[in-house]
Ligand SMILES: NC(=O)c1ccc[n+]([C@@H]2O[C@H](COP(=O)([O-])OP(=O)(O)OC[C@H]3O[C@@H](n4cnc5c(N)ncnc54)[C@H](O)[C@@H]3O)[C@@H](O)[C@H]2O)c1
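The chain below stands alone and is given as structure tokens, in the form predicted alone.
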């Protein structure tokens, strides 16, 4: 059997909606969630793509949710209570609110509490960039990183994304605060790939390259004390402003029977309040030209602006579909069987 399967956007979307309509969503809501996941696959960030839907399906047929509610709002701010609902749904509402406020007042800020996994932070920052705005998105997460010098996980691997509209494509930085995201270690374990040194600690705080020890242990903070410090600040922003709670209050993604208490934070800034959008794009284009002719080290064929590699992936995969490994397909097909829907891809039965 082949090791990878090419899945079209339409194929993935129909399958995802079919699954999530069995998991307490209507078709419109399911389409919003699936679009958020597939966007990660299209940008080449497969760790946060369709494979995450199995967690969603199992969580939202186990836990009791409440309607998403806007609990406090001003001209420029919005506080959203997700009601333990789908993080992508609550976050889409929150970022759209921030964008609407930025269109009218120049800046919009939304805070979300009582939420769940929201996919990739880039998705929401790009929502603003596509409207000609500066977009910033972040979320807190469960304790996976020790404080600098500590031996116990306390900090979340809290990602942040910052996006600006560019001339040809948005310039966007989307990064977690560990050397690699936890889901990347999950992927390496699932695929049986060797785990590089420097990615993780075991539960005693010692460096490890063992998959299970890493999954049971902690992540290495990006940039040492700087990454750990940034994690603290993002945890405070996502947890305190919304009165949501901090990383040590956020439960693991695979604990399906209790609320996770994830908090998010979104900012949209209307560029046209500072300068015409076409002027900004021309400035970024000039910056890009200078950036790409900087002398390169031996063996480096090209320099990439943040988001450039993902944009190229997006162009290719939007047209041709995106690959899923055999192991990923088998996991998704297992969920198909569990919920009684047609399999995403026809492969040999699991365990055959």
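Treat the numbers as computed from the prediction; the structure is a model and nothing was measured. Positions refer to the first chain, counted from 1.
Absent from the display: the form predicted in complex with the ligand. The rest refers to it.
Colleague: Would you mind picking the one in 80, 120, 98, 125 that has a heavy atom within 4.5 Å of the ligand in the predicted bound form?
Modeller: Result of the distance check: 120.
Colleague: Within 4.5 Å, heavy atoms only, which of 45, 38, 51, 30 is in contact with the ligand in the predicted bound form?
Modeller: Going through each option in turn, the one that passes is 45.
Colleague: With the partner removed from view, which of 173 to 181, 203 to 211, 276 to 284, 226 to 234 is the stretch that lies within 4.5 Å of the ligand in the predicted bound form, judged by heavy atom distances?
Modeller: Careful reading of the contacts points to 173 to 181.
Colleague: Suppose contact means a heavy atom within 4.5 Å; in the predicted bound form, does that hold for all of 91, 115 and 339 with the ligand?
Modeller: No, none of the three is in contact.
Colleague: Please check if residue 323 has a heavy atom lying within 4.5 Å of any heavy atom of the ligand in the predicted bound form.
Modeller: No, residue 323 stays farther than 4.5 Å from the ligand in the predicted bound form.
Colleague: May I ask you to state whether residue 139 is within 4.5 Å of the ligand in the predicted bound form, using heavy atom distances?
Modeller: The answer is yes: residue 139 has a heavy atom within 4.5 Å of the ligand.
Colleague: Does the 4.5 Å heavy atom contact test between residue 110 and the ligand in the predicted bound form come out positive?
Modeller: Close contact is absent here: in the predicted bound form, residue 110 is far from the ligand, nothing within 4.5 Å, heavy atoms only.
Colleague: Taking the ligand as it sits in the predicted bound form, is residue 159 in contact with it (heavy atom to heavy atom, 4.5 Å or less)?
Modeller: Yes, residue 159 sits close enough to the ligand in the predicted bound form that at least one of its heavy atoms falls within 4.5 Å.
Colleague: So which residues in 309 to 341, when you check the ligand in the predicted bound form, have a heavy atom no farther than 4.5 Å from it?
Modeller: The stretch touches the partner through 309, 310.
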